[in-house]
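Just one chain is shown here, as structure tokens, and it is the form predicted alone.
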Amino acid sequence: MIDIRTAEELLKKALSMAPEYGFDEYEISYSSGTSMEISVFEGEIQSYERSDEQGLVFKGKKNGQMASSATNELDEDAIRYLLQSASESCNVLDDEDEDFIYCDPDNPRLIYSQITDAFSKNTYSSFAKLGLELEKDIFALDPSIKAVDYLSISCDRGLEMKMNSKGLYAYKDSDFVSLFAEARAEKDGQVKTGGHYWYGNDIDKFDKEAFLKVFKHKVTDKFGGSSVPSGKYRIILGNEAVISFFSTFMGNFSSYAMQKGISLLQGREGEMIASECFSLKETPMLDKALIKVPFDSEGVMTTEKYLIENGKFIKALYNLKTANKEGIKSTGNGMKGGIGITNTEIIPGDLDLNGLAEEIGSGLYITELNGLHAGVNTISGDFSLFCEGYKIEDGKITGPVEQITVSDNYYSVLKKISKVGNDIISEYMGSGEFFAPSIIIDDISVAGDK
């Protein structure tokens, strides 16, 4: 791995050479990452992986066309390869949509470091010790637990640096640790599986007792489940299920999808598309988020914005290219591979989970949704998903429910939200975290017993 000063010199070298290949505008990026992962199985370290990666990506504009190329080599020959490759690509491209190299003249230097000293605690010995102890603790939770099918601990530290011909210098870095375990339990001829996760930036902050308490609930409380009669139900969609459900449809807020006619939100900004109690907000620098996102991959500063505020569709997500097509500014959502979203939150309400159950009185508490790829049409919004959860009787969460399917439409569900809880959890979703509580959805079709 090269140091930052050496990386800067490589980028400057590439910028100085780019005009020789006919580029009018250009940028060069350097990224590096260090990762480690161990997995535990049957009292032993099953696997151990450690990797260090680094590379360069060049992007240049020539003859009105933008092309890019990448390499893992870090020398002058590699730079010449990048420039030549991108130049040749520009000669054959025919993209009608103009692309850009960008620098905000008021903010040409974007620097944000959030790496932690705690990363040094992430060693093979510390991960192995924790992993082996945790596997034993999971087995000790209940006699029904017969196998810990998966247990891994991993960490990652990365940095990105970018310079371009418009004067931009951008640098950001981050690190994190994550842990996931899944177990299999057997009882009275039934087999149930369940798992739980944790992530943070300091392994010493992992609360094993709290983790195990939730883990046991997710595995052993599933026994004795039954179906319910088919019909219309009021449901609580549990916070984990909320995240998996709503993240599946986030691509509909992309301006690219709207411009291509594959999002039904096209042209609907300003309309009421959801219940008044529902608000969805992107806050890239959210205090409680593990990793803050001060600027996007195009060098545009990110902004705090509502996508949906009190039911109204406020704003789509734009990168430089899609914003230019509509004569507006980018929203700072230009991420690698297109348009992405950073730290996002469903604004919580006042009720905890028990309060939501009391509000429903009689219904279902859905904790898991399965088939979110096969059973969902992200364009139309239609879905039919096998799910698991619990009954709600007399305002209390009672016995487990299985062998049921929920069917409806995403856009209809938005309008059927009647209460938003305050039991917020978060999951990391690529460019940021998704924070969400449980919510009540009215009048959902459930297929169970005939």
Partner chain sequence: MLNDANIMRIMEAAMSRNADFADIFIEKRSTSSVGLLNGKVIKAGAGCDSGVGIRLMAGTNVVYVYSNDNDAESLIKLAKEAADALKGGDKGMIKELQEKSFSTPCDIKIDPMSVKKSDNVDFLRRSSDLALSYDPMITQVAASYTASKRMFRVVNSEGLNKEEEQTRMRFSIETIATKGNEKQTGRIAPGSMRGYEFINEYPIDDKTRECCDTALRMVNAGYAPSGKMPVVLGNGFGGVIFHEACGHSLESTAVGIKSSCFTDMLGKQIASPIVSAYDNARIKGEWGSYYTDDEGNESSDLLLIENGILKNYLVDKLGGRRMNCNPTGCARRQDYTYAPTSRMSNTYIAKGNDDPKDIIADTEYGIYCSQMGGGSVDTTTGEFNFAVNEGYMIRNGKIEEPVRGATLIGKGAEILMNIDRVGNDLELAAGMCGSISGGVPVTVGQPTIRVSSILVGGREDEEA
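Numbering follows the first chain given and starts at 1. Note that this is a predicted model, so its numbers are computed, not measured. Rigid core: the largest C-alpha set superposing within 1.5 Å between the two forms.
Here the subject shifts to the form predicted together with the partner chain, a form of this protein not shown in this document.
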{"property": "The partner chain contact at I347 in the predicted complex, heavy atom, 4.5 Å", "result": "no"}
{"property": "Touches the partner chain in the predicted complex: I328 (any heavy atom, 4.5 Å)", "result": "no"}
{"property": "Contact flag, G361 vs the partner chain in the predicted complex, heavy atom cut 4.5 Å", "result": "no"}
{"property": "Interface membership of M285, the partner chain in the predicted complex, 4.5 Å heavy atom rule", "result": "no"}
{"property": "Heavy atom distance at most 4.5 Å to the partner chain in the predicted complex, all of Y197, D202 and N354", "result": "no"}
{"property": "Heavy atom within 4.5 Å of the partner chain in the predicted complex - the one residue of D221, E73, E98, D142 that qualifies", "result": "E73"}
{"property": "The unique member of K129, K213, R109, K232 whose heavy atoms fall within 4.5 Å of the partner chain in the predicted complex", "result": "K232"}
{"property": "Neighbours of the partner chain in the predicted complex among 269-295 [non-hydrogen atom within 4.5 angstroms]", "result": "none"}
{"property": "Exceeds or equals 2 Å, Cα of I328 between the shown form and the other one, core fit", "result": "no"}
{"property": "S244 C-alpha shift between the shown form and the other one of 2 Å or more, rigid core reference", "result": "no"}
{"property": "After fitting the core, E276 CA displacement of 2 Å or more between the shown form and the other one", "result": "no"}
